[in-house]
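In the form predicted on its own, a lone chain appears below as structure tokens.
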């Protein structure tokens, strides 16, 4: 029995569930390198399986674009969604501070990996259409090598037209470009061409999970990627998505064992109620569950400990 299988924690229809945290690291004085290391060690010590980091290249004071995930299922009653983002002129806005920044998630993952022994790290999610295929292929392989394979790459098409315009990338064709890049990464990592020998050798590529729950996203997850990573779905919506995923897997000659499914959500409600939504997701057959808790530098250790206890995670203190 492997170490992963032997550890206790949340159990679901497909066995033990990996439970991860979603949080951001902006390089501010109070969330510096030392804080990042202690944050990661605390997550590992309390029994969590991973830390997943969002990505934005730029933030704006005002958006014409609408944030697509303003509602999240309630922890105590996952069949009901509650709005948690502000709305300006009828448009949901992303939650940011006036001076919001984000460290590069690849380098952040490498730094925090060095402070831990088993914790996995992931992107939640990387804006794939902004990338050049050869550059991202090398970057991702480098991170995989420097984290000893403890990195998963969640990718998405993005939602901010302002961000794409600032990066001089066509927003309207981002879906088509994302799909092209997924296939290009698969080809490059297979080293199908002698021109690609500049890529790191002997490194297992990271698992690529498709973020989002649009029909196109589910199709990409089932036909070309290593996993699916939907966000803020009710159990009924997740169940529908899993059925659609199964259909695409069958059409592609693949099985459910070929993909890793992680259900992510913003924690809305009392921490003591999180077991309700987690158990509902687990019963549907996901492989992992990621939760965004919006922890502060002052309370993160206490919040992690309370959630770990609520979910029955097997941290070092419980052994």
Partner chain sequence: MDIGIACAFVPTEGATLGTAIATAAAAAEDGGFASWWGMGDREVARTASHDQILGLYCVARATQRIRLGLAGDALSVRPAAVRAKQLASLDWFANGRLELGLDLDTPPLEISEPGVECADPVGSTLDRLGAMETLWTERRGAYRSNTVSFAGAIAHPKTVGARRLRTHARHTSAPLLRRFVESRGEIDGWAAWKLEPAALIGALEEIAQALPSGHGPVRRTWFVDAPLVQASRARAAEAGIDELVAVFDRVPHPAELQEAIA
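All values derive from a computational prediction rather than experimental measurement. Numbering follows the first chain given and starts at 1.
Just so it is clear, the following notes concern the form predicted together with the partner chain, a form of the same protein that is not shown.
For the three residues 101, 133 and 145, which mark the spot I'm curious about, does each lie within 4.5 Å of the partner chain in the predicted bound form through at least one heavy atom? Yes, all three are in contact.
Exactly one stretch in 85-93, 216-224, 104-112, 67-75 has heavy atoms within 4.5 Å of the partner chain in the predicted bound form; which is it? Selected stretch: 104-112.
Work out which of 166, 190, 236, 80 lies within 4.5 Å of the partner chain in the predicted bound form, going by heavy atoms. Exactly one listed residue reaches within 4.5 Å, namely 166.
Answer option from 207, 150, 177, 248, heavy atom within 4.5 Å of the partner chain in the predicted bound form: Of the listed residues, the single hit is 177.
In the predicted bound form, is there a heavy atom of the partner chain that lies within 4.5 Å of any heavy atom of residue 258, even though the partner is absent here? No.
Is residue 33 close enough to the partner chain in the predicted bound form to count, meaning some heavy atom within 4.5 Å? Yes, contact at 4.5 Å.
The partner chain contact in the predicted bound form: residue 252, any heavy atom under 4.5 Å: Outside the cut-off, so no.
Please tell me whether any heavy atom belonging to residue 283 falls inside 4.5 Å of a heavy atom of the partner chain, as the geometry stands in the predicted bound form. Residue-level check for residue 283: no, no contact with the partner chain.
Going through 56-92 from first to last, which residues have a non-hydrogen atom within 4.5 Å of the partner chain in the predicted bound form? Contacts from 56-92: 56, 57, 58, 59, 60, 61.
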